[in-house]
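The chain below stands alone and is given as C-alpha cells, in the form predicted on its own.
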C-alpha cells in the first residue's frame, strides 16, 4: 500500500553554505524520496548545488557502517559487535594506556564534519577533557589555522572572522578562493553565483587573484594570475601603495585601531617593483589595484584556503584584514563585518581576556607551537613513530581521514599501523579507520537534528534555523554526542547522565543568575523551563544559549525573542537582519582595540622580508603544485556517494601547454609527480587555465587501499592522494599550518605499464 510523502525542511549540512532543502520522505519505509531547494529559505532561496543530493545518497550508501566493528586479535579482520562490548573495550584500552604512559600518550584528531554537528561541538570537549591529553589535532591546521591566529592577534578572538558583505559591496577582491565551487568558505553565502551576478548588476566589480583561472576567476571582471605562495608579497605591496599615495583612511574604525604607523614602516620595502617578479603580477597592475581598492565606495578583501595553506599563511591572512582596515572597510556595510549568531552571548564582552592562546606547550619532536589548545597536524605522524618518553601510543579519530587529508599521508599511514590502540568514531572504513581496533558508527545527518553552531558566525546575514530529523534513527544506534559522553563516562568511572548534568550546570552559569547573560532569572528557573520543553542532550543546552542570546526571549515565554521552540515553529529559518557594526564592543584584545602590529606578526615579517631577495621565477624548470576544489567533492568522504562519484575521472593533473610541451606530457596520458616525500601517477589534463610553472591536483582522492570498504569510491573515483606529495616539514612558521599550496614537484611522463 502506498503512503503519502512527508515534506521535511532542513539545511543541507554537507558544506559551509548550509542551503535550505526540502526532503520528501517516506516515514513508513524510512526512505528519502527526493531532495530539492527550499524556495522559502531566506538565505538560499531555492538554490542548492549538486552535493545536496548526497544527503539521499549518503543515507542509502550500502558501505556506510551500521554496527560497531572490533578487530579480531586472532586473524586481524573486523567483526561486528554490540555497543556495550565496543564501548567497554574502547574505554578500558584508553584508560590502560593513559594509566601506564600518561594522558599525552593518547592523541585525538577531529575531522571537518564535526563543525557541522552542533551536538558534536557541544560534547566533544567533554570527551577530550576526559582523556586529559594535550596532544590534540584536527583538520584546522590543514585549513584555516592562519586565519584564526591572525584574527586572534587583530581582534582578540580566534573565530572573529570579518565577513565580506557581499550583498552590499561595490568591489570584491578575492584571493585563493573559488566561491562559485565552494559556495563560500569562512563565508556562509548560499548561491554565490547569484550574489556575484547581482554585484555586477549594481555596477560593482569582482577581481580574482589565483594561479589558476578558476570557475570564479572565469566570471570576474579581472583575473590576476599569481605565483603560488606569494600572496603576502602582493598584499604588502598594496599596503605600500596606499601609504605612498596617501590613500589610507580607516573611516569610523580609526578610533578603534592601533599600529597604523608600524604597518607603514613594515610595508616600506614592499614596493610593487620589488614584488612584481616574485608574484608574476606587473607593478603597474598592483598600483592600479591599490588605487581602485581605495577609491571604491565600499570594498571587501577576501582570502581563503589558498592564502592559508602556504609558507606565509598567517601573514597573508593578517594582511587581508590590514587592507580592509586601511581602506576604511572594516566593520562597515559593504565592507567586512562581524556576524552576530543567535546563540552567541548578548554581551559581546563576554569572555574578554586579552591573552593570546599561543605556544603554551609545544610538540615533543619538533617543538611546533600549540594554538587554542591544538598542535599542528603536520606533527602527528612523527609523534607516533618517534620513540621516546611521551610517544603517542593511542589515537582517537572522529569523522576524519587524516591519511588522505594531512601532509605526507604515506608516513602517517605507516605510523598508524604501529599504534598500541586506535578507535575511530566514523561511518566508514576508510583509508584511516582501516587501522582502528574499534570503529564506532554514528547516526547519519538526516537521523539527527541540526543547528548551525559554527557557520552562522561566518554568515553574510544574521540567520538561525533548526533542522528536525528527517528520518528516525535505528533503535540500536548512537548520535555522535552520545558516543562522546558514553566514552568519557566509562573512561573516568561515571555515567553519561552525570556528564550531561555537568554540561548543563556550566551552561546555566553562563546564561542565568548574577554572573550570566540573563541575571534577572535564576539557574533554577531556567532549568525548570528547559525541563518543561522536554529537551535532552545538546538541544537543551542550545535552547539555553538561544534564549540568552542577543535575539533571545530571555526566558520569557510571552516575549517575541528567539527560543528553540520558536525556531522549530519557523521551518524555513529566521532572517535576523543584515550585518551591523560591532566595533569596539566585540573586541577582546588587551588594548580593547584592533591591534594591527601584534608582536608575533611583526617578528614574522622579518621572514617575509628576507625572502624579498631570494624569491623569483622557479629555476631549472621546477614546478609547484596547487590543489583545486570541485563542486561534487567535499574532502574525501563524498566520493562514495554514487550519484556524485559517477562521470569522468576527476583526479587529473592539470598542466599548462608550455609545460606539457617542454616535459613531453600528452593530454590524456599519465604523468609521474614527485616531491621530497613521495610520488604519484595521475592522468594529464592540458589547459591554459594555469599559470606556467604551476600544476594542479585535487584533494581527497587515493581510494581503494587494502582494508578499506568504500567500494564506490574505489570503483568510480579512486585517484591518488595529493597529500602523498605534501611535505610535513613545509609549514607556515608562525601558525604551524601545513603548506598545501606551492609544493615544489618534479613532473615527468609516467613509464608505460602493461
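Positions refer to the first chain, counted from 1. The structure displayed is predicted, hence computed values, not measured ones.
The form predicted in complex with a small molecule exists for this protein as well; it is not shown, and the discussion that follows is about that form.
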Checklist entry - With the cut-off set at 4.5 Å between non-hydrogen atoms, does residue 340 touch the small molecule in the model of the complex? => result no
Next on the checklist: in the model of the complex, does residue 231 come within 4.5 Å of the small molecule, counting heavy atoms only?
Outcome noted: yes
Checklist entry - Do residue 15 and the small molecule come within 4.5 Å of each other in the model of the complex, heavy atoms counted? => result yes
Next on the checklist: Residue-level question: is residue 426 within 4.5 Å of the small molecule in the model of the complex, judged on heavy atoms?
Outcome noted: yes
Checklist entry - Of these, 363, 511, 563, 442, which has a heavy atom no more than 4.5 Å from the small molecule in the model of the complex? => result 442
Next on the checklist: Quick check on this chain: which one of 551, 637, 555, 451 has a heavy atom within 4.5 Å of the small molecule in the model of the complex?
Outcome noted: 637
Item to check | Candidate spot 176, 181 and 305, all three touching the small molecule in the model of the complex (heavy atom, 4.5 Å) | outcome: yes
Item to check | Listed range touching the small molecule, judged in the model of the complex by heavy atoms within 4.5 Å, from 584-592, 354-362, 378-386, 210-218 | outcome: 210-218
